[in-house]
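Only one chain comes next, encoded as structure tokens, the form predicted on its own.
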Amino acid sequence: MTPRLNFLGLLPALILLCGIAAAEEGSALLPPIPPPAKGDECVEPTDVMRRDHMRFLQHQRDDTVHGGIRGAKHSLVGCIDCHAQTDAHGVAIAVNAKGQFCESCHSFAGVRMDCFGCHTAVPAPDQAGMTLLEWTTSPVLAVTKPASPRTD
């Protein structure tokens, strides 16, 4: 067997080891992720959320739509409330804005994020310390609201 074939046999193992090393916290191969704006820990461990957050959101969506169950452990509102940063004026920054929590990972992974075509990407007014008028006229909210009402 030639040395080239031996190397090709080891290539998948090397890729796997590099992937494991890259998944370590603080790795230069991970996108810069802003820390949560509130709280000390998430509803699940970080590695679980990175792997399964979409499953949690889909399950919660089904519970909400079909069963009317709101405010549960894995609600999108809960994610937004904890992960939306604020600017120097205390105005909430959308989690899908450039460099923010959701956008940083989805952009890095090349995954389309369609939650915010219908859902707001900033906390509700009482969560962000804004009045309803300030919240509904916020430039950030205008970007995250659907352009027109859904008809389907």
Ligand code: HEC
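Note that this is a predicted model, so its numbers are computed, not measured. Heads up: residue numbers just count along the shown sequence, starting at 1.
Another form, the form predicted together with the named molecule, is not on view; read the next lines as being about it.
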- Using 4.5 Å between non-hydrogen atoms, is R61 touching the named molecule in the predicted complex? yes
* To do: Using a 4.5 Å heavy atom cut-off, state whether V91 contacts the named molecule in the predicted complex.
  => no
message: Residue-level contact is defined here as any heavy atom of the residue lying within 4.5 Å of the named molecule in the predicted complex; does G67 satisfy this criterion?
response: no
I'd like to check something about L57: if you look in the predicted complex, is any of its heavy atoms closer than or equal to 4.5 Å to a heavy atom of the named molecule?
yes
When the named molecule is considered in the predicted complex, the residues of 78 to 105 having a heavy atom within 4.5 Å of it are G78, C79, C82, H83, F101, C102, C105
